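Shown below, as C-alpha cells, is a lone chain in the form predicted on its own; questions about how it binds or moves come after it.
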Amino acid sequence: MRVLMIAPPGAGKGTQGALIAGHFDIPHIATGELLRDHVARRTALGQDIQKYLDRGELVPDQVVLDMVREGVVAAKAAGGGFVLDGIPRNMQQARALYLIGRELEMTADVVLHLLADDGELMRRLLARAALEHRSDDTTDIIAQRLALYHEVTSPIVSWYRDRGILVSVDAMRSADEVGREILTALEAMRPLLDHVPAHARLSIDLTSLGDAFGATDSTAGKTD
C-alpha cells in the first residue's frame, strides 16, 4: 500500500499518516521529520538544508525531492509500501514525485485527501498554537496559510482525481472516527490494487458517508 496524504494545516494529516503506517506496517515518510533528522545527523543533505534555514529561506523543491527519493528507495527495500505526507505542495512537486515513482516503480496507489472547513481548521490551529506557546501562529498568519493551501492545492487534487486514485475523507470529526473510516476504505481497496490497473480506477468520495448512515452532527466530538 502506497499512500500520499494531502490536507490543509490542522486537518490531522500527521496523525492519520502515522495510524496508516502502523496499521499496514509501512514506513511513514514525513518531510518535516526528514528535514529535522538530516539536520540533526549533519548529513550532506542536512548541511545543505541548514544553510537555507540559517538564511531564513525556504528549502528548494529539489532538495526536498532528493530527500523524499531517499525515503522512497528505503521504503522499496523494506517491502514496497509507504505513507508520504508533507509533499506535494504544488503541481511541480506532484509531477516530479510522479516521475520519481515511475523511475522506482513506486507510484502511489492512493492519494488520501482530508477535508475540513477553514473555520474548524482555524480553531484547531489556534488551540495548538496556545498549547505549544507558538506566537507566530496568529489568526492572520493562519488565514494566509490556508489561502495559499487552497490556491496551490486545488490543481493537485484535480490531477489526482483525474488519475482515479483520489480518496476524499471528511476530517471534521474526531481523529478516531476519521481513522476508522480511512482504514476501512484502504482495507477494502487493498485486494483490488494488484488486479485493477491504475487507468481503470475511479476516485472515491467518502465525505457524505456520515449523512448516508444518519449522522446528525458531523462536528460533534471533533479533534485534530
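As the structure is a computational prediction, the values presented were derived from the model and not from experiment. Sequential numbering from 1, following the sequence displayed. Whichever C-alpha set is largest while still superposing within 1.5 Å between the two forms counts as the rigid core.
Same protein, other form: the form predicted in complex with ligand ADP, not shown, and the subject of what follows.
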| property | result |
| --- | --- |
| Proximity to ligand ADP in the model of the complex (heavy atom, within 4.5 Å), stretch among 39-47, 159-167, 178-186, 54-62 | 54-62 |
| The unique member of Ala108, Val72, Ala96, Ile87 whose heavy atoms fall within 4.5 Å of ligand ADP in the model of the complex | Ile87 |
| Proximity of Ile26 to ligand ADP in the model of the complex, heavy atoms at 4.5 Å | no |
| Interface membership of Gly32, ligand ADP in the model of the complex, 4.5 Å heavy atom rule | yes |
| Partner proximity in the model of the complex: Asp136 to ligand ADP, non-hydrogen atom cutoff 4.5 Å | yes |
| is_contact(Gly17, ligand ADP) in the model of the complex, heavy atom dist at most 4.5 Å | no |
| After fitting the core, Arg163 CA displacement of 2 Å or more between the shown form and the other one | no |
| Large Cα shift (2 Å or above) at Leu53 between the shown form and the other one, core-fitted | yes |
| Flag for Asp37, CA shift 2 Å or larger between the shown form and the other one after aligning core | yes |
| Residue pair Asp54, Ala7 - Cα distance in the model of the complex, closer or farther (3 Å or more) | closer |
| In the model of the complex, shift in Cα separation for Asn90 relative to Gly56, 3 Å or more | closer |
